[in-house]
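In the form predicted on its own, a lone chain appears below as structure tokens.
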């Protein structure tokens, strides 16, 4: 999927984090599980904001790795709520890597869709508040 001339979305990233050597896999790239955890963190931030409280990950609809992430890359996770149910929120997360600060390159590395459920104080599903106008 090697896209050229990619720019970052014109909105604020939910999270940005640098990839460090401790996250390397045996192939010399950043371990996919580390990227998955960053995606889950980003999705949980936006879902908790929308639910106005605690949420938990209940499903992964899709997870696609397009390009590797390398040590020194700064990844940015951009999130969009694509569906809200009675107790659940589905979030699309796009991950971009910024690399080579001297001649910045931006690469779309991962896309995912995760579903979260809103939880009450007993960690049981609860209704998501309606969006006020």
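Since the model is a prediction, treat every value here as computed from it, not as a measurement. Residue numbers count along the first chain shown, from 1.
Below: the form predicted together with a small molecule, not depicted.
Asks: Would you kindly say which of 71, 81, 56, 41 lies with a heavy atom within 4.5 Å of the small molecule in the predicted bound form?
Replies: Checked against the cut-off, the match is 56.
Asks: So in the predicted bound form, are 76, 104 and 110 all sitting within 4.5 Å of the small molecule, heavy atoms only?
Replies: Looking in the predicted bound form, the three residues 76, 104 and 110 all stay beyond 4.5 Å of the small molecule (heavy atoms).
Asks: Residue 32 versus the small molecule, in the predicted bound form: is there a non-hydrogen atom within 4.5 Å?
Replies: No, residue 32 is distant from the partner.
Asks: Can you tell me whether residue 14 touches the small molecule? I mean in the predicted bound form, with a 4.5 angstroms heavy atom cut-off.
Replies: No, no contact at 4.5 Å.
Asks: Looking in the predicted bound form, any heavy atom of residue 125 within 4.5 Å of the small molecule?
Replies: Taking the distances in the predicted bound form, the answer for residue 125 is yes, it comes within 4.5 Å of the small molecule.
Asks: With a 4.5 Å heavy atom cut-off, would you call residue 117 a contact of the small molecule in the predicted bound form?
Replies: Because a heavy atom of residue 117 falls inside 4.5 Å of the small molecule in the predicted bound form, the answer is yes.
Asks: Among 24 to 32, 44 to 52, 81 to 89, 95 to 103, which stretch has residues whose heavy atoms lie within 4.5 Å of the small molecule in the predicted bound form?
Replies: Of the stretches listed, the one contacting the partner is 81 to 89.
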